[in-house]
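Consider the single chain below, provided in structure tokens and representing the form predicted alone.
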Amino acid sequence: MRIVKLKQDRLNSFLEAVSTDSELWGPVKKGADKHRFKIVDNPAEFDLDYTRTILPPKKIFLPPRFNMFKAMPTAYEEETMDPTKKILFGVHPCDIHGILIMDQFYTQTYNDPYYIRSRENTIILGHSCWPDEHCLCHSTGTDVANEGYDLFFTALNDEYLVWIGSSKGDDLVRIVPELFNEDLSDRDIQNYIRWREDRSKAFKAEINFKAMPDFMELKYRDAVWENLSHACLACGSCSNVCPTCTCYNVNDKPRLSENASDIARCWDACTLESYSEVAGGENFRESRSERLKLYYTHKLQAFISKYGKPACVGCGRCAATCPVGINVKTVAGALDGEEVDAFWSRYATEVTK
């Protein structure tokens, strides 16, 4: 892996040069304090001083809803997603790890053509970040990305150290080689080491992830699941904002203007009551406690045995999103025997009095 330097004031020139035939996506501010990945015409619109976007990069590879087929009485037509070339800039390490998990999921057993087409046409440009009170990626080991990107930009003072992670990334650098400097000094290396040390000390939240598979097994019938269910709104927000949730449904929507229907693929969530409903109206996970247990078994236990890593990348989106405080940190803390200060915990105490 090769590392080069780029002056920060040359970043926009680089992005403009490499995106002439591609959509340029990156973090853009939305409202007072939120961010989202969005297509831009001018890279100056990017706001790199962000911690997390509302939705993770998965929305770019597999949108919340897209049409797969146009169904007619005696035939159907495939309506594939447009494999537009994209450059996705500003992706933080935790989200890169989320993409790597999706790469495994969508290719290990069955190849998902929609995801694969979109993934192959997207270049990933990572960017360094600084943690806030919700970031757990230090505990999950996803605070640093060693793969899964084409270029990775680490901001140090007025320069970037740029890791070249693929041949595609190397090709981008070669488009405008005059913008880059290949001479790394001892000072550059020491600055990076100090930055890594300071960033590691900045993490405020942590979870004992190594023990979580055992805790999930030992406390599978623990009262904590009922306590969580009392406050859970079953809104599905935790699944929608999670970088590694892959559940989806297929809907048949008639086209009122013609004798045909759209067969659309839509995001779904195992925390929704309708998710486990089967023919005849039976529902084998009707209770919220069972659905929550399924969700967190996947995040903290089952995925590890199948893929060698938890299905949580520590991005903190669930903590920043759930209005009643049900998230990976509070659930893991409760399983670890901690006194959890969250709305769901206080509410459960009132309900059970």
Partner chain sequence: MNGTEKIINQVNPYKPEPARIVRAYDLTDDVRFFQVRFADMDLALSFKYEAGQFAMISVLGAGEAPFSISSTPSRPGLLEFCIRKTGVVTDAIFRLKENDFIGVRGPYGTGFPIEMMKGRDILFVMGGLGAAPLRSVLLYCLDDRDHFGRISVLHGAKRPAEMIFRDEFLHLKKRSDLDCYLSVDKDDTGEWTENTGVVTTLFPKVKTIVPENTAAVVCGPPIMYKFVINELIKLNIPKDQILMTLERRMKCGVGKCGHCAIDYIYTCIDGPVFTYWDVLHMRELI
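Everything numeric here is computed off the predicted structure, so don't read it as measured data. Each form is matched to the other, and the largest set of C-alpha atoms that superpose within 1.5 Å is called the rigid core. Positions refer to the first chain, counted from 1.
As for the form predicted in complex with the partner chain, it is not shown, yet the points below apply to it.
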#### Entry: the partner chain contact in the predicted complex: residue 197, any heavy atom under 4.5 Å
no
### Query
With a 4.5 Å heavy atom cut-off, would you call residue 171 a contact of the partner chain in the predicted complex?
no
#### Entry: 4.5 angstroms heavy atom contact with the partner chain in the predicted complex for residue 250
yes
### Task
Check whether residue 268 has any heavy atom within 4.5 Å of a heavy atom of the partner chain in the predicted complex, and answer yes or no.
yes
### Message
Taking a heavy atom within 4.5 Å as contact, would all three of 13, 186 and 190 count as contacting the partner chain in the predicted complex?
### Response
no
#### Entry: Interface stretch in the predicted complex with the partner chain - options 203 to 211, 177 to 185, 152 to 160, 253 to 261, non-hydrogen atom within 4.5 Å
253 to 261
### Message
By the heavy atom within 4.5 Å rule, which residue out of 80, 108, 167, 84 makes contact with the partner chain in the predicted complex?
### Response
108
#### Entry: Candidate from 217, 133, 147, 120 lying within 4.5 Å of the partner chain in the predicted complex - any heavy atom
217
### Query
Aligning on the rigid core, do we see the C-alpha of residue 255 shift 2 angstroms or more between the shown form and the other one?
yes
